[in-house]
Every structure is written in structure tokens, then in C-alpha cells.
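Starting off, we have a lone chain in the form predicted alone, written out as C-alpha cells.
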């Protein structure tokens, strides 16, 4: 009986197997299998992973850049929908503009002085914050506040602190005898206004520089530094001969990023002074915004904004080539 029942079951199972084999594979499964086989190729997987980054660069960087490049050789403006080709006339016009030449000088002064001060103070603070002391975590947390606070809020706070009538700096300085009351007009005098925007820019970027240097210094093997100290190598010799060569890649990338961002940044200048007094604190980015967006002259504004692009491109290539040669050595 058992044998007969098993013989009856086996044809039924065989029928089910034939039916399942004959059933068509769902289209979703077939597509999934094809996609899976496609991603097994290394080059397909690699290009797929970087596709979002490429799309971001094309849409938000490359396309606006080429639009601005087209504006530089046309008479494009808000009041002229159909722009005509003018060649290099926009560049000639801005070069003959006294405000542009002043903004060009201010850009180099603003960028280089900010970077030098940040590098000097950041190095000192990095070594101090790496030393063990009571409350180090609290101090580190408070130190990064300028980097985390929105730029607009920080600039508004500084504008109140530098206001000639309500300035807390003037109140404190006049009461301790640093200068006579009511104190300097920080944002109303040419030299003081430029110094003020540089100080605020250093205040904003110093935490980033310090944290970057702290990360680089902690990456240096302590055994090498201790061995150099045992060989009677002083602090500056250890810094120049050991620490800097090891963290050079980090320093170069950070320096390149900082220089490019500072040359194209207008936030602090625009929020604090808007280029005043009498257009003496403009940098290229803020002046390009005023000419191209506020005044509506898109062609001249684009020419101002792209004036330093060849310089920055060459500087970036030189720095990256130098970094590559140092790594190969």
C-alpha cells in the first residue's frame, strides 16, 4: 500500500515541477538579474557611484560657469533681453574702473592677510588645545562655535559690536583708556573698515584651520617626535623637519581650498560694509554682485567675477603638481 501511494504522489510532484519550469520568469526578476550582471563589471559600478557627483558638478558648477563665460563677451543686462557680442569690451571697461582696481587690491590684501593670520594663530592654538588641561573638552567645544554659527548671525553680531554708537568695544576701550570716547568709527573709516572685515573673517575661519592642524599633528607618530627630542632637536626644528613634511598633503589641500574660497567669498564684506565707506572695502566678489545683480549689468558683473579665474587655475595646478612631486619623492 505504501509503495502504491508513493507511486501516486511522485507523478503529482513531477507535474508541479514541469508546471513551474514552464511558468515564465517575471519581468522584474529578469531586469534585476540583468542589472546585477551589469554591475558585476567594475567600470560600470565605478561610474555609477560617481554619477551623482558628476551630475552635481555639471548642473551647479559647469553650467553656471559657461553661462557666466558667455555673459563676459556680450552686453547682457537685465534691461537688454537680447545681448549682442562685444568681445573683450567688458574686461577693458572694468580695468578702467577705479573701484574695480581698488577691489582687486583689496581681494589680495583680504585673502593673504586672513590666511597668514589664521595659519599663525591656528598653529599656536592647535598645540595648546592638544596639551592636557582641565576643561579641555569644554574649551574645544566653545572654540568651534564661530565655525558653526551661521555667517549672517555672526556678521550681525559683529556689526553691533563695531557700531560707533552702541559698540561694546568702544565702551570698554574708552573706560580703560585705550582711546578717547566715543571711540573709533570702525566701519566708517577706510583703514579701520578693512581691518574690521579681516578680523571678522579670521574669527570665522580660525576654528577650521585649528581643527585641521590638530588632525594633522595628531597623525604624526609620537615616536618620531620623541626620538627627535632625545636628539636635542628644538621645537622649531621638529616642526620644520618632521611635522610639516608629514602633514604637507593636508596643509596643501587645506591651503588650496582656503585660498580659492577666500578669493571668491563676499559674505563678510557684504554683510558688514557692503563695500563702504565710499566703495573702499569692496573685494571682487562683492563688487561683481553689486554691478551684476544689484545694478543689473550682467556682462560686466560676470567679467569681474571671472577676472581672477586664470590666476586661480594656474595656482591650483602648480600647487597640485608640487604636492604630487613631493609625494613621489
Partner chain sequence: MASTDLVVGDFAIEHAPGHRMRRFFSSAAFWLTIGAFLLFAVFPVYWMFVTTFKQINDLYSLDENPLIFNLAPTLEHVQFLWDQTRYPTWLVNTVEIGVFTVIITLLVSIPAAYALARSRFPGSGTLGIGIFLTYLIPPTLLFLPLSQIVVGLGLINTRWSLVLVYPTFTIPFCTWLLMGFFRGVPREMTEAARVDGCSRLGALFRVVLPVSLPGILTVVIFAFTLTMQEYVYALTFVSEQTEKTVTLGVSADLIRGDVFAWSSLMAGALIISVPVAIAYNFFLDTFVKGITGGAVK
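Rigid core: the largest C-alpha set superposing within 1.5 Å between the two forms. Residue numbers count along the first chain shown, from 1. Keep in mind that this is a model prediction, so the values were computed, not measured.
Separately, the form predicted in complex with the partner chain exists; it is not shown, and the next lines address it.
Proximity of residue 278 to the partner chain in the predicted complex falls outside the 4.5 Å heavy atom cutoff. Though the partner is left out of this view, residue 191 does not reach within 4.5 Å of the partner chain in the predicted complex, counting heavy atoms only.
When the partner chain is considered in the predicted complex, residue 100 lies well away from it, no heavy atom lying within 4.5 Å. Remark: residue 152 counts among the residues lining the partner chain in the predicted complex, judged by a heavy atom distance of 4.5 Å or less.
Between the partner chain and the residues 160, 95, 108, 179, the one pair within 4.5 Å by heavy atoms in the predicted complex involves 160. Heavy atoms closer than or equal to 4.5 Å to the partner chain in the predicted complex belong, across 269-284, to the residues 270, 271, ordered by sequence position. Core-aligned CA deviation for residue 50 between the shown form and the other one: 2 Å or greater.
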